[in-house]
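Below, in structure tokens: the form predicted alone, a single chain.
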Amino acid sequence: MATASIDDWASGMRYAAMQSARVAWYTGHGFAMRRMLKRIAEKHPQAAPSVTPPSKPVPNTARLLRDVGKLMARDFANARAGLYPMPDPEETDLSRLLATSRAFFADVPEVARRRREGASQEVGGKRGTGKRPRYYMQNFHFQSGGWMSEESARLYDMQVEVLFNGAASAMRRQALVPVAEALQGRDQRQLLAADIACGTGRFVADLRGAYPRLPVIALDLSEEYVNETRRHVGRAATLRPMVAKAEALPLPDASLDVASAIYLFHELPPKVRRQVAAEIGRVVKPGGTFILVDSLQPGDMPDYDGLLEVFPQLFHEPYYRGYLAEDLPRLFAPHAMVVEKVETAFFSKIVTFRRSETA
């Protein structure tokens, strides 16, 4: 066997072992969480939130895990092709991982209580709005602290990975493919990228891993989440953290070569969604690239349409139904942003826009 073949085989085995462990870890957490929620519901049967049955079938766990497997195969193929580095474990500190697991389960009863009571406004009531818009000050997903606490930032990645059976990171990494296409043959040191609504910075870390000399703005409205980004990414001269609103970006016109927004648009009210699209059109250079990663929409993968109906009923997602009906190409068209490619990746879709050269 040739050395290259041996290396490919070893790389594939390492990838498969790591991702299988991830999927098992987070799927196991999801199973345990659902058992906890069932016991809690049995104690409060009179207060169980009503869920309208979907009009279409919902994929079962076996189908979801098969599709996760397809996503992982695609992820490995992309890394093997050199579109981005092979992923490393995101958390190597076992004690921190276990502490996060314990905190996750400790928070489940509070999430269940908010869902039962419809309590989604605790953040605004306790913290006030200040410079933060009112729509932002909510307990999205019924999570403790909304986006506004260190505890929320620490638990967020665990919560999202459990929700998607360990596939969230692989879905995010699909945005690196259009980034690779946009940066091919260019001196990354002379460019500027921004991840808008960067959250805990996982995609910023992916960008840094693939393009260590690329200056990257990590922008989010939550100072706590920006701090978590700093922890994930570490010290880097090319990292520029910012606390700011996506609908009022503190950036000059036509200043970005590449911009991304990952799981932002389904969290925005319709009016703000349009403001953010206009801002992105303003700050991306003519010929520049914008990559939107967000939830599937009806018809993207018809077998998942029933799940899209149920999803906002199970979690506090006040603007999700509006996003499902949003015509994304039409949303960006007034700002000279043209769709180049649309792909799906498990529960996500990746839409690549290019700003017109004549804008």
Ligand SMILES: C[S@@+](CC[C@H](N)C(=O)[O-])C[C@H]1O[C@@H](n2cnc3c(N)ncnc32)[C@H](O)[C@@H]1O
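Note that the structure is a prediction, hence the values are computed from the model and not measured. Sequential numbering from 1, following the sequence displayed.
Here the subject shifts to the form predicted together with the named molecule, a form of this protein not shown in this document.
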{"query": "Triple contact flag Gly288, Ala336 and Arg354 to the named molecule in the model of the complex, non-hydrogen atom at 4.5 angstroms", "finding": "no"}
{"query": "Of Gly145, Gly199, Gly166, Gly281, the one that lies within 4.5 Å of the named molecule in the model of the complex (heavy atoms)", "finding": "Gly199"}
{"query": "Contacting member of Ile217, Met171, Val258, Ile262, with respect to the named molecule in the model of the complex [4.5 Å, heavy atom]", "finding": "Ile262"}
{"query": "Region of this chain that lies against the named molecule in the model of the complex, out of 76-84, 95-103, 182-190, 218-226 [heavy atom, 4.5 Å]", "finding": "218-226"}
{"query": "Exercise: Lys245 in contact with the named molecule in the model of the complex, heavy atom 4.5 Å", "finding": "yes"}
{"query": "Contact of Glu161 with the named molecule in the model of the complex (heavy atom, 4.5 Å)", "finding": "no"}
{"query": "4.5 angstroms heavy atom contact with the named molecule in the model of the complex for Tyr156", "finding": "yes"}
{"query": "Contact of Glu267 with the named molecule in the model of the complex (heavy atom, 4.5 Å)", "finding": "yes"}
